[in-house]
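Before any questions on binding or motion, here is one chain by itself as structure tokens, the form predicted alone.
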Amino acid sequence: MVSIPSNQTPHGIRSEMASAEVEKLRGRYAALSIAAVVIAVGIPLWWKTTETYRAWLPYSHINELGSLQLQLSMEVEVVFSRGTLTPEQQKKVPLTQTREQQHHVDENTGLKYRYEMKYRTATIMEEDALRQPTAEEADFSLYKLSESPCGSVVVYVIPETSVLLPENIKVYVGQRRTALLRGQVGQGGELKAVLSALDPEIEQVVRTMSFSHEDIMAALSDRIRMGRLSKESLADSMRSFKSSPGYEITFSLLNPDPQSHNLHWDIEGAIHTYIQPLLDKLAPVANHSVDSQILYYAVLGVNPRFDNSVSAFTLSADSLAHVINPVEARLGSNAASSNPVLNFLLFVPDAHHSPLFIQDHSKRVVDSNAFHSPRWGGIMVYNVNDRYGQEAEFPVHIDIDMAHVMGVFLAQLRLMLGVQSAHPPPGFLLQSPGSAGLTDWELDRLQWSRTVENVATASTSITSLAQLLDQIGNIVINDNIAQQVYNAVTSLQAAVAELEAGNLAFALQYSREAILASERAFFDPSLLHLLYFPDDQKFAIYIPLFLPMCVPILLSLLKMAGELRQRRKEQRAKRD
């Protein structure tokens, strides 16, 4: 009798088939479970842990800044003194009028100037102030009565017969925000006709003491095309430094021949007397730090030539450009500060090249014996050969006349910091700034320009940054950058609103905050971490990580799909 193995019996065969089916089901469930875990947990977890963090930015408000529509509002007060209006005309004042000027700069920039004209008669105390013997004393007396708001202009119309102004002078502009305008005695007719006759002269006063369209266009030079600027405005904007939160001012004494000249300069006292009052007045615009140094054996990069016509050594205007580079290498730099540096150099020629004079393009000697380089600083040549004779003992002790030197440097410093010289029409008399180095209305003109420049620069920086972040998705936007962008946008909106309201001081403050925040956001180092991280590098990193894991899962899923299709075919065949 032949025995049959148990695994070959019908019962054993069915048992093995059942076990194989169970193993197949277990394999399918395992593959599906692994795939489900990878899809439901692994991929989202990987995506979340490797995504680039990008904080929210106010893109809608930033896009609004791309189209900059500025309105500059200022208050002009016209005060009529006794004898300039008839009794009938005086009954119709006080009076307020609003005048507007619209300027379309380009498709993204527009300007609107709004002048609030207030007309009134002088008070008794103002009449007493106008009885002072000189215009300067009258200006000071009016200033003590009431200080005009920042950015405003007050014009006092005085009788034609007033002795306050010289005979050929029509308008006197003082050190504050006040001007004296010679009117006509008892001009009859309607008040409207009197005001219309004064309008051209009032406009000239406002253009002299406050912003002009050319000044504002120059302040927008970073935002608009150069072709829209006049040559004079373009030259002024190229000469002065761009608006900055702070400036470093360095005064250097260059002594190329210390064996012959023992130079002494009271730079500390000179800065305190001549420079510091100007910097104190410019404090609302920017912060300033001042230092000084003495450089020995420092020579110019150009050899002066002896000119027989003036019996002296000369530097031609064409050679001045080659003077700065060799000297600049000796000046050093303040690496701890990112603020622009203004250099003012006092060069004392050695005994063998004295006297030394600077000539202009017409071969004439420059009166100040100094020159300035745009956005760099100025150099003054100080001759000392007339201080001693041939019998003198060397080194000769020489005290430098700091009043003369600082007078030149102060004029150059004003230009470098953006204080443009006014060009009044004929018949205008402008009072000198005095010891302050800057009049109130000159400060206002600078503040108008700097505010507009800050707004334009900050808005351009923020819109450029937003476009960059929108185009490159790999850049990380952390919370600090988002906060700086938000602060910049908020400050810009506040600055524009304050300009529209005519609050110049607040507008300047907000514009400075805006440009600081925009620069911090634009130059944040964290923006560069993933800026140049191309996609092929991503594939090179992730493929070795995911491919060994994904291939078995994909093959299992494909096999299961094939078995499912085969089973469906068999079922359809049985039905048939």
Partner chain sequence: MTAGRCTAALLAAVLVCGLTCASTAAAEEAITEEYESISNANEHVQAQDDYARSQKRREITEHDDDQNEPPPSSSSSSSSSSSSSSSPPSKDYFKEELVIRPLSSGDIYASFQFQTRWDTDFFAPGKKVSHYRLFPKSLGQLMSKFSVREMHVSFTQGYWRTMQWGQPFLPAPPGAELWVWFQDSVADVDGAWKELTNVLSGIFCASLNFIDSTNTVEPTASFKPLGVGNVTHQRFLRYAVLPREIVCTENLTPWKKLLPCGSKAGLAVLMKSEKLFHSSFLSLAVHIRPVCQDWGCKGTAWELRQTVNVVFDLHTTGQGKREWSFFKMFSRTLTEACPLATSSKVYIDVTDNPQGELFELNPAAPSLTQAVVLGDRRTYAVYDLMASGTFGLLRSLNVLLRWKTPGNFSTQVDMLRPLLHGERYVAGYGLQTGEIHTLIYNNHPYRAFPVLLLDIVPWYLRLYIHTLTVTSKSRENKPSYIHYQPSKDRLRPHLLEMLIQLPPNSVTEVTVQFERALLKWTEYTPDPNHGFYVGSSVISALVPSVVAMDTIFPESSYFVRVYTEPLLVNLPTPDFSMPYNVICLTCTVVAVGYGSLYNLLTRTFQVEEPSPGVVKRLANMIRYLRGVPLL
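Computed from a predicted model, the values in this text were never measured in an experiment. Numbering follows the first chain given and starts at 1. Heads up, when I say rigid core I mean the largest set of C-alphas that superpose within 1.5 Å between the two forms.
The form predicted together with the partner chain is left out here; the points below concern that form.
Q: Residue-level question: is residue 306 within 4.5 Å of the partner chain in the model of the complex, judged on heavy atoms?
A: Residue 306: no, not in contact with the partner chain in the model of the complex.
Q: Can residue 203 be called a contact residue for the partner chain in the model of the complex at 4.5 Å between heavy atoms?
A: No, residue 203 stays farther than 4.5 Å from the partner chain in the model of the complex.
Q: Residue-level contact is defined here as any heavy atom of the residue lying within 4.5 Å of the partner chain in the model of the complex; does residue 565 satisfy this criterion?
A: Because no heavy atom of residue 565 falls inside 4.5 Å of the partner chain in the model of the complex, the answer is no.
Q: Determine whether any heavy atom of residue 561 comes within 4.5 Å of a heavy atom of the partner chain in the model of the complex, and answer yes or no.
A: Although the partner chain is absent here, residue 561 would stay clear of it in the model of the complex, with no heavy atoms inside 4.5 Å.
Q: Thinking of the partner chain in the model of the complex, which stretch from 81-89, 456-464, 375-383, 261-269 has heavy atoms inside 4.5 Å of it?
A: The contacting stretch is 261-269.
Q: Heavy atom within 4.5 Å of the partner chain in the model of the complex: which of 366, 430, 294, 410 fits that? Just give me the one.
A: By the 4.5 Å criterion, the partner-contacting residue is 294.
Q: Quick one: which residues from 542-561 get a non-hydrogen atom within 4.5 Å of the partner chain in the model of the complex?
A: Result: 544, 545, 548, 549, 552, 553, 556.
Q: Superposing on the rigid core, is the CA of residue 516 displaced by 2 Å or more between this form and the one not shown?
A: Stays below the 2 Å threshold, so no.
Q: Does residue 28 count as moved between this form and the one not shown, where moved means a C-alpha shift of 2 angstroms or more after fitting the rigid core?
A: Yes, because once the rigid core is superposed, the C-alpha of residue 28 moves 2 Å or more between this form and the one not shown.
Q: Look at residue 546 and decide if its Cα position differs by 2 Å or more between this form and the one not shown after superposing on the rigid core.
A: Yes; residue 546 is a residue whose C-alpha shifts (by 2 Å or more) between this form and the one not shown when the cores are overlaid.
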